[in-house]
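One chain comes next, on its own, written as structure tokens: the form predicted on its own.
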């Protein structure tokens, strides 16, 4: 039996000694968050905002602790300034894991609007990012993005596609 995406990600985080996991709660990331909390290897906690979580991971990196921020697409929309002025400007390997909302059957118009801005923002910041769409490539892509960020001292993002996570979609009603 194959592993679920969140089990693969958990193994990759541990293999790369990513211990510090601040996050803003998200339903798509719920199984990963639960697995992280169940494992004493990790220090995980909620933050009020994604900007706060980025600052915590940046501070941890400067103190020698590796970390990753967990969030959803809409939370990423608040980060352009903090990413540009802290990890991008000062070469701090802040890692982001973003559950992708706003596409493939998304029912929330706000999520769809924000989804269109995520990749252009990452590109404008020259921030490396990869979208994981398939279970068979999940471990490889997650591992390589993390390793590259750590070796180059650059922030990076992993985007978890609904093709991987099976994110929810609202059923279309008759007459729609």
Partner chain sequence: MSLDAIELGKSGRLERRSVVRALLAERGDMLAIGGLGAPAWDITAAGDSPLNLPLWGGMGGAAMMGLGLALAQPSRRVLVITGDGEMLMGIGSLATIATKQPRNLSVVVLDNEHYGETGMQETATRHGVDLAGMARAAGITDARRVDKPDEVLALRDAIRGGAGPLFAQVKIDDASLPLVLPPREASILQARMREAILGPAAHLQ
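Positions refer to the first chain, counted from 1. Worth saying up front: this structure is predicted, and the values here are computed from it rather than measured.
The following text describes the form predicted in complex with its partner chain, which does not appear among the structures shown.
- For the candidate set 111, 133, 47, 121, a heavy atom within 4.5 Å of its partner chain in the model of the complex is found for exactly one residue, namely 47.
- Contact check for 4, 31 and 39: none of the three has a heavy atom within 4.5 Å of its partner chain in the model of the complex.
- Its partner chain in the model of the complex comes within 4.5 Å of a heavy atom belonging to residue 62.
- Although the partner is absent here, residue 89 lies within 4.5 Å of its partner chain in the model of the complex, judged by heavy atoms.
- Within this chain, residue 43 lines the site of its partner chain in the model of the complex, having a heavy atom no more than 4.5 Å away.
- Proximity of residue 143 to its partner chain in the model of the complex falls outside the 4.5 Å heavy atom cutoff.
- Contact annotation for 150-164: residues with any non-hydrogen atom within 4.5 angstroms of its partner chain in the model of the complex are 150, 153, listed in sequence order.
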